[in-house]
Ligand code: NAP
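First, one chain by itself in structure tokens, the form predicted alone.
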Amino acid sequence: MRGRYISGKTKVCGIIGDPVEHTMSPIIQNAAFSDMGLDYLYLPFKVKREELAKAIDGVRALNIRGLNVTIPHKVAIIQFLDELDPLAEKIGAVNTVVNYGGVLRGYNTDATGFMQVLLEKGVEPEGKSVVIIGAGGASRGVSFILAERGANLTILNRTLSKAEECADSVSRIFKKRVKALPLDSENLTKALEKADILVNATSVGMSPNIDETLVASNLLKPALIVVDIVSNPIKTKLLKEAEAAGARAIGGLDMLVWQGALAFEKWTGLKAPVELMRNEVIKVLEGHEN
């Protein structure tokens, strides 16, 4: 860490979730803090659902500067925050928290990070038919930003009520119909027949469960763009099978980096070293896969 040491002035940031063992966020954030010469430290905190309220009390009591929020807390955390950024309020999910002297404000950098990646890759969602698997906090961000861009959405989830809730929220804001269906083989097959883009907005396929996927390989086709928000491993089973089918595959690593960079900027007020953050996480993930 370039000769720096932890002191009484060190600002602490972190990530809360369950699980957090897989997270690459400490790697990218600590690399960025070190590169910028900042007296910050980023740590992972495993927080169970039933302990979330206590954890947020701890953020205030310990004067933790900021948090990333991951599964399963992105929606539930809202009730414990003092303020919400307008985008996070519309989406109904938070993945970044900033502590302003005891006042906790929630943001959603998932949505903006996701769209940044698509546009960087030359993918314009406007007018496209998009199938989204999952209806949790990540799906909310993805669904909102895609609808805002003018995409036509179908949301599939194992629990239909959650898919309907997510679809209704997006429909209400953008005055456009969003389909909600239970996730099963028949519905997924039909939805993908006319789809331009498929997004896995679940944690299925994430390390260590790298042999899991929700999409049968025979449903993937060359004309499809397949996006997986899972960042570890770099290429999930879904993405490998998409490439084998001739589809275009976009992984979650760049989304991880961009949402992390946007969070970094909110905590520090400084421009994030995005390329350094990307290179650091690639080095670690490629090392794990070799």
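In this text, residue numbers run from 1 along the sequence as written. Everything quoted here is computed from the prediction, not taken from an experiment. For clarity, a rigid core is taken as the largest C-alpha set superposing within 1.5 Å between two forms.
Separately, the form predicted together with the ligand exists; it is not shown, and the next lines address it.
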{"item": "Candidate from 32, 47, 229, 226 lying within 4.5 Å of the ligand in the predicted bound form - any heavy atom", "value": "229"}
{"item": "Answer option from 87, 98, 81, 71, heavy atom within 4.5 Å of the ligand in the predicted bound form", "value": "71"}
{"item": "Region of this chain that lies against the ligand in the predicted bound form, out of 123-131, 216-224, 174-182, 154-162 [heavy atom, 4.5 Å]", "value": "154-162"}
{"item": "Residue 143: touches the ligand in the predicted bound form, heavy atom cutoff 4.5 angstroms", "value": "no"}
{"item": "Residue 206 within 4.5 Å of the ligand in the predicted bound form, heavy atoms", "value": "yes"}
{"item": "Residue 238: touches the ligand in the predicted bound form, heavy atom cutoff 4.5 angstroms", "value": "no"}
{"item": "Residue contact check: residue 116 to the ligand in the predicted bound form, 4.5 Å heavy atom", "value": "no"}
{"item": "Residues of stretch 243-278 in contact with the ligand in the predicted bound form (4.5 Å, non-hydrogen atom)", "value": "252, 255, 256, 259"}
{"item": "Rigid core fit then residue 278 CA moved by 2 Å or more between the shown form and the other one", "value": "no"}
